[in-house]
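Next comes just one chain, in structure tokens: the form predicted alone.
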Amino acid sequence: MGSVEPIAVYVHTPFCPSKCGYCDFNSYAMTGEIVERTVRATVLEIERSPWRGRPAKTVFFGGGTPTFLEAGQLERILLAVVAAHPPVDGAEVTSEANPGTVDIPKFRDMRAMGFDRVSLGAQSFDSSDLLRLGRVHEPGHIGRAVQAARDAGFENLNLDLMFALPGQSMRGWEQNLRLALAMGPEHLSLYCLTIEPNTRYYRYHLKGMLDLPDDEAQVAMYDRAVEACEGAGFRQYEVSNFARPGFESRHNLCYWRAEEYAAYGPGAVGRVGRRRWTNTKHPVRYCEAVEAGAELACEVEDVDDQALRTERLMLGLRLNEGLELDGLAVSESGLSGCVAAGWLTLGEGRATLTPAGRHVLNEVAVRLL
């Protein structure tokens, strides 16, 4: 059977009620038979997994919008995961959720299945922000979704928020932070809007149609977020992530520590050993490949030592625990230069970004490499 070391498991659900203007994830506004067909194909892929037998230390359903699926469909996929990757004691089992596509019965069903963590894509509490982003939910849906999750028994809840949105002011961002913190989540993920190629926002940006906050305003918004979260008892443990002690996302920590993860579903990306792959992305072509017993990967990479080193460095720098330097062979001159610039501190065999260093993360990584 090979290694039985526990592994992180990711399941991709590619369906959404609509495609948001900023989104470059593998997601499709599709309904009908293709949804059930994709569920069947995902279950079949998991049942045939070459990594079958390796216990799951974390399970994460992402998307798209996993809660777009019916509760019974989610359960069939989760049961397949549990059969292929028996969870270790206390394994973290997360599902992303859109505040506009959940209800109390579905959350109750999910809690009963074994999901113990929910990540709600709130993004903003301002209706004009949500309209510009193309989100299907309204501000009022967020509070109802949080309450529904609590009523269903979820004691580990994350809210995603975005800042530096078109037309967003510091005042608007501070209001979003206040409202999010008032809902009492255990975890907050706070992301700066990035304009990705192949998105509607990218086309708008090229035409000068997006009124985006400038770099200085983005930095100020980020610093305000750190200050507000720490003042509310949250600990920053990664560049964009804040948690109450003990509620850090264990699944995402696997990524940031460059650990192995199996991945299933259309467009899912995984890495086990030196093999990194991306599954066929379009749901129809993915289903056809599974049903034919054909190769599912549309991209495969043999990750060599240099690539692993780069990955460990780029991801490890993001963590507040710091980057373990042992075996990384970083540039000594780059390291000393970053320390002198006030971007890094050294201690106990680790290099840790300072608050100033977090604003120049990519520059630090380049210098260390």
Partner chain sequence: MDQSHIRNFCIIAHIDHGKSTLADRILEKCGLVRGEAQEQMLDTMDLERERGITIKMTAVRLSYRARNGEEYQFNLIDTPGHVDFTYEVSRALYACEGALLVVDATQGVEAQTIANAAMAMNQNLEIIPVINKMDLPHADPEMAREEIENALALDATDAIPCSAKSGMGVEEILEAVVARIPSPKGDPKAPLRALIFDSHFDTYQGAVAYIRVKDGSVKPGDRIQMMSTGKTFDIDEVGVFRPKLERGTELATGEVGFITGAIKTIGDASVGDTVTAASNPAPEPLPGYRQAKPMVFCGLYPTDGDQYNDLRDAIEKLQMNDASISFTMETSAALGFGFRCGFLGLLHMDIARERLEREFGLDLILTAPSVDYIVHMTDGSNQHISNPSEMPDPNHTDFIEEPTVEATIMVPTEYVGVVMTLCQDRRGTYKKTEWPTPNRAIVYYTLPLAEILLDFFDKLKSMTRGYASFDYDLSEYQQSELVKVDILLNGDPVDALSFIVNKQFSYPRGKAIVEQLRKVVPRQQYEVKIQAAIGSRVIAADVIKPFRKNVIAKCYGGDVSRKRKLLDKQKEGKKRMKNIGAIEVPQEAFLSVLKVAE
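Numbering follows the first chain given and starts at 1. Note that the coordinates shown come from a computational prediction; the quantities given were computed from them, not determined experimentally.
The following text describes the form predicted in complex with its partner chain, which does not appear among the structures shown.
Only one of 256 to 264, 168 to 176, 125 to 133, 287 to 295 lies within 4.5 Å of its partner chain in the predicted bound form by heavy atoms, and it is 256 to 264. Listed residues Val219, Leu212, Ala182, Ala112 were compared with its partner chain in the predicted bound form; Val219 is the one with a heavy atom within 4.5 Å. Out of the listed residues Thr101, Ser240, Thr280, Asn156, Ser240 is the one that sits within 4.5 Å of its partner chain in the predicted bound form by at least one heavy atom. Each of Cys192, Met314 and Trp343 comes within 4.5 Å of its partner chain in the predicted bound form, counting any heavy atom. Under a 4.5 angstroms non-hydrogen atom cutoff, its partner chain in the predicted bound form has Arg276 among its neighbouring residues. Interface residue remark: Asn252 is counted as part of the site for its partner chain in the predicted bound form, having a heavy atom within 4.5 Å.
Taking the partner from the other structure, its partner chain in the predicted bound form has no heavy atom within 4.5 Å of any heavy atom of Glu70. In the predicted bound form, its partner chain lies farther than 4.5 Å from every heavy atom of Glu324. Residues of 342 to 369 that come within 4.5 Å of its partner chain in the predicted bound form, judged by any heavy atom, are Trp343, Arg358, His359, Val360, Leu361, Asn362, Glu363, Ala365, Val366, Arg367, Leu369 in sequence order.
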